[in-house]
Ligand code: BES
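Single chain ahead, written as structure tokens, the form predicted alone.
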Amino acid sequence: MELKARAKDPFKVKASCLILGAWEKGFSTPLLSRLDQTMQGAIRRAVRSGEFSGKKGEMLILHPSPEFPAQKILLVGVGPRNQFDLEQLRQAAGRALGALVGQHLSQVVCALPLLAIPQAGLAERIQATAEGSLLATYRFTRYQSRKTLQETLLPKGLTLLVERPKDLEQADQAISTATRICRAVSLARDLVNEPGNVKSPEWLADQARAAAAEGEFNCTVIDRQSLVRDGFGALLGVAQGSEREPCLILLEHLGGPADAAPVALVGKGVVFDAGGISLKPAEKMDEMKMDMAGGAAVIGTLLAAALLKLPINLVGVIPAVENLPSGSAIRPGDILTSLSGKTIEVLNTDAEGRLILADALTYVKRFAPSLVIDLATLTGACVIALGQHASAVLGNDQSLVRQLIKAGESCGERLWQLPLWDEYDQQVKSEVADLKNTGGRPAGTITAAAFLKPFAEGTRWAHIDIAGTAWRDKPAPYATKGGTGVGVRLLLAYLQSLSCPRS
């Protein structure tokens, strides 16, 4: 879908559909008053009948006279004016474009960026509208028949309106930024949605190589032989139940000064997780193709950082494995020696993500990073605690955690901090090894982070558990069912705050 900006009166632009926003109980705005007058009171009648009130999520389709330039008008409720912010704008755009998918529209004109938001400029409003629109029209259609594809036809073009011609330059730049970001999010979604029979560790490495070629950054893939030689015992332990060879993917975007310490991102890359010998229940096991969503977010973030030419040094590390039961799989009770030298008693082979992250967190230290952030679909306990509305964040540096939370609020990918007190360390101490890979049911998300903490020792570190947010069972305002690409926009918002700090 092609996006562009235009400075013109909304009621003088030819379009298949014109999208307008409406405050809850606020229909006296100049645009809506003009429209209501043009349509002989159609909006007032809809309000009186209870058909439309402007509440968040409400939509009303109007069919104006043939003389009107737009063939139809879509009114989108955006809720109370005093609660309207960039995320509500992003969601409103997503709902509107999502409702128009499949209607065989050519040109859609959107006036949502004209809605005022305190302390948000035009560029921010344009970018939010563009992001919501592009993400809402994402579809994973690679394996669909042509007939099904025709049923999900997208609008061919979307025009975002601004008030003055002099605003077009910054609007065009905001659209360009949003397009690059959404390209990266869509890549992450594609990687998550790909089926397990296609998605091997080597396949994931190939996708990382392709992203690196597109964004012109560096990609190195460390194969099994090298992993064995260097002593990645925890990672190899998880991988030994699968015939598919594991690998470690290293990505580098060198946009900052040569002597500047990089920011390190680590993403869990379990391409399919059956649980190993500790086999998962059959129900929803098909969704375990998404257990590499943390790795997908890292690939997407490196691509976006490169496309946006962020002036920062960035390292991405993705341990890629498959966790299956077989005659060669690790067993409960086995003891692994990690890359760090720490020994790990494996009590549950389905607690595998923390094992591969342990080696990845150890490995990334050789780059002397300024800080380390890992993302992982790590615990079912996180889904129980926070559902699909927020990811959990824990870490050993409160300033880093606070900055990530702020970045999440700004982009709509919210984080909620859980404690990581020393008392939780006792739950992952083993009687026969240095650590055990599960602390039991109590505080499962926290004890998973407590397990990772010793491997991140000596670095500023934050752990983000995206188990509840990486996959959706049903559509959201700007996410379809399936992989969400969560983490890409969050990390970009954080990285942009480092490279372009606000006064």
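Remember, predicted model here, so these are calculated numbers, not experimental data. Numbers follow the displayed sequence, beginning with 1.
If you look for the form predicted together with this ligand, you will not find it shown, but the lines that follow are about it.
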In the predicted complex, do 388, 391 and 407 all reach within 4.5 Å of this ligand through at least one heavy atom apiece?
-> no
Among 342, 244, 365, 280, just one has a heavy atom within 4.5 Å of this ligand in the predicted complex, namely 280
Candidate from 86, 109, 400, 381 lying within 4.5 Å of this ligand in the predicted complex - any heavy atom = 381
Is there a heavy atom of residue 354 no more than 4.5 Å from a heavy atom of this ligand in the predicted complex?
-> yes
With heavy atoms only and a cut-off of 4.5 Å, decide whether residue 467 touches this ligand in the predicted complex.
-> yes
is_contact(residue 129, this ligand) in the predicted complex, heavy atom dist at most 4.5 Å | no
Would you please decide whether residue 167 lies within 4.5 angstroms of this ligand in the predicted complex, comparing each non-hydrogen atom pair?
-> no
Counting only non-hydrogen atoms, the one stretch of 327-335, 211-219, 157-165, 266-274 within 4.5 angstroms of this ligand in the predicted complex is 266-274
Out of 275-301, which residues reach within 4.5 Å of this ligand in the predicted complex, heavy atoms considered?
-> 280, 288, 290, 291
